[in-house]
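Taking the form predicted alone, here's one chain by itself in structure tokens.
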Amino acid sequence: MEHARHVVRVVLLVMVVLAVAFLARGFLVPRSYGMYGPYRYDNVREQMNVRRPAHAGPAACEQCHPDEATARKAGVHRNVSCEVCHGPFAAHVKEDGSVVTPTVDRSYTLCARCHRKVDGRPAGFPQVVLEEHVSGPVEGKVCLGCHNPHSPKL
């Protein structure tokens, strides 16, 4: 009987520790934690209110570049946003409305990000084995010499 009291005390102690832990968790962990994954969901809204978006989408580019937008919409890159190749809108048009010329990577690596032959890509996706596509070494070759990126078919 005397040993049973020790067991009861240990069980009560464990129960009190668990109760305190659950209570503390209820006060310390925000309500939105874990709603949509292992993070605090309220932080998404807070960051949206604090940070200015860097990307604006193709509609923002069309306002000043209608000819390029028309060519892109008619070409094979119609589903690719301008900012994928040209960089974020915020780096081109500043908050005060001033326009800065964006730096565009004109090397083969820009096109190769999407079009280099990779076994995991769908068979219908246009892939290029760069070493076979150009004569000579790949480095230094420019895809823009033969292809218009807004409508890249020859």
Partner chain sequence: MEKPPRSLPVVPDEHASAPPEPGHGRREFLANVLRLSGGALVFLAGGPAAEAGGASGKEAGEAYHWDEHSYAYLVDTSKCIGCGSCVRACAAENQVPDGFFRTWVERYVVGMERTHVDSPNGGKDGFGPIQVDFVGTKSFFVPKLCNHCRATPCIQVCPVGASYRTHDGVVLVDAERCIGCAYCVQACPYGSRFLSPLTHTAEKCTWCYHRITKGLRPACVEVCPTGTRQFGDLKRPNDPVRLAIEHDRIGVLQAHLRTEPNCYYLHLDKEVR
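Positions refer to the first chain, counted from 1. So that the term is clear: the rigid core is the largest set of C-alpha atoms that superpose within 1.5 Å between two forms. None of these values were measured; they are calculated from a predicted model.
Form predicted in complex with the partner chain: not shown, discussed below.
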Of the residues Thr103, Thr70, Gln63, Asn43, which one places a heavy atom within 4.5 Å of the partner chain in the predicted complex? Asn43
So in the predicted complex, is the partner chain close enough to Arg31 to count as touching (4.5 Å, heavy atoms)? yes
Counting only non-hydrogen atoms and a 4.5 angstroms cut-off, does Val129 reach the partner chain in the predicted complex? no
Just checking whether Val99 would be counted as a contact of the partner chain in the predicted complex - the rule being heavy atoms within 4.5 angstroms. no
In the predicted complex, is there a heavy atom of the partner chain that lies within 4.5 Å of any heavy atom of Val84, even though the partner is absent here? yes
Do you see a C-alpha shift of 2 Å or more at Asn43 between this form and the one not shown, with the core held fixed? yes
